[in-house]
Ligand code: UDP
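Form predicted on its own, single chain, as structure tokens, below.
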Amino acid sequence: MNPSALRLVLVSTPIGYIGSGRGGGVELTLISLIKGLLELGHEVIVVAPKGSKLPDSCSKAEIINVSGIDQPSWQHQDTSSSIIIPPSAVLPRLWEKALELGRTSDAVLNFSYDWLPIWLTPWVEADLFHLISMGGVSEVMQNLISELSRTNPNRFAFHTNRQASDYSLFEKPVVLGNGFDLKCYQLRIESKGNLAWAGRVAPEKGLEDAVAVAAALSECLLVWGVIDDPEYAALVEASAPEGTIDWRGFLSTEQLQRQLGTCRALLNTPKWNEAYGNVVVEAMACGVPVVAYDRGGPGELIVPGVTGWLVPPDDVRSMIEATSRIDEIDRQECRNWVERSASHDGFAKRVVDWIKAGLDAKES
């Protein structure tokens, strides 16, 4: 038994069960971290909405399923919206269980972008830590995180500096990046194939711009992801010549990487400040270079001329020009960057160091 091992409670997003795809990048981040923590010898308990399952690689972690109504995502609300907790909501029930477990655990790590767990931080016995998964899409959340960062600065961490800049913090932010189990991604050196786009199909992800690029180059765009907004998806499809989009749906990591790896380039077109950009790194892990808007997290992940190209936000013409130059990128360099910067074991070590530093600060 590792004497420095921690007993950690990880609380998943309340907007959907693990495996539904509704949690977006949070699901992938959570699974990657669980793998890394288990390999480091830590004890992991996961509290998640009913229906959640962990992959076989996480079998040593305990998972507790909690019933209740899904929480509405801030991604679909205005920045000035009020807090909403539905009747019979899963959110408070997740935290009832998490706080119970927290009494006999070293720390509770929150993955949800929600007001309730953050507000609880100074008022409960358990030591709560929050890995913030989104940029500043809610004024209520921005104000609360700013307020608590004055008295509890060690309890918040972010994926990128650009994400953290959305919040008025009283100390330098803790930036942890992200991590992926690279055994799950096969490097493909060949550079021929379709253009790719992956993400939730919703207006803030900017799929219409990627479709415009593909149409201008007379290419087919492979699209993966949950269709959050069917009306929007129909409008995007109608905006381009028939056959421009090949809808591939939401796939498991194993299926996604197998298909994505055959592509010539990934187009990343967010209309908002992405916290990180999981699909950007997943593509590079397969050797697929990325052309992205220089906005949010992806602007910190892509090395121009080495792993892809960054273009001015919302500039479709520049994206067309950059995509035409994608063959200049060495696909091996894409994989090399991910191995250096975004492995799941490296991510887990950074998370553990952050939590231990926060616990030490409390004791001092």
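In this text the structure is predicted, and so the values were computed from the model without any measurement. A residue's number is simply how far along the shown sequence it sits, counting from 1.
One more form of this protein exists, namely the form predicted in complex with this ligand; it is left out here, but the text below deals with it.
Comment: 249 to 257 is the region of 212 to 220, 149 to 157, 119 to 127, 249 to 257 lying near this ligand in the predicted bound form, near meaning a non-hydrogen atom within 4.5 Å.
At the 4.5 Å threshold, heavy atoms of Arg162 stay clear of this ligand in the predicted bound form, well away from it. Contact annotation: Asp114 falls outside 4.5 Å of this ligand in the predicted bound form, judged by heavy atom distances.
Remark: Ile145 does not count among the residues lining this ligand in the predicted bound form, judged by a heavy atom distance of 4.5 Å or less.
The closest non-hydrogen atom of Gly135 lies beyond 4.5 Å of this ligand in the predicted bound form. Residues Leu10, Pro49 and Trp95 are none of them found to lie within 4.5 Å of this ligand in the predicted bound form, as judged by heavy atom distances. Though this ligand is absent from this view, in the predicted bound form it lies within 4.5 Å of a heavy atom of just one residue from Arg188, Arg264, Lys271, Arg200, which is Arg200. Annotation for 267 to 286: interface residues with this ligand in the predicted bound form are Trp272, Glu274, Gly277, Asn278, Val279, Glu282 [heavy atom within 4.5 Å].
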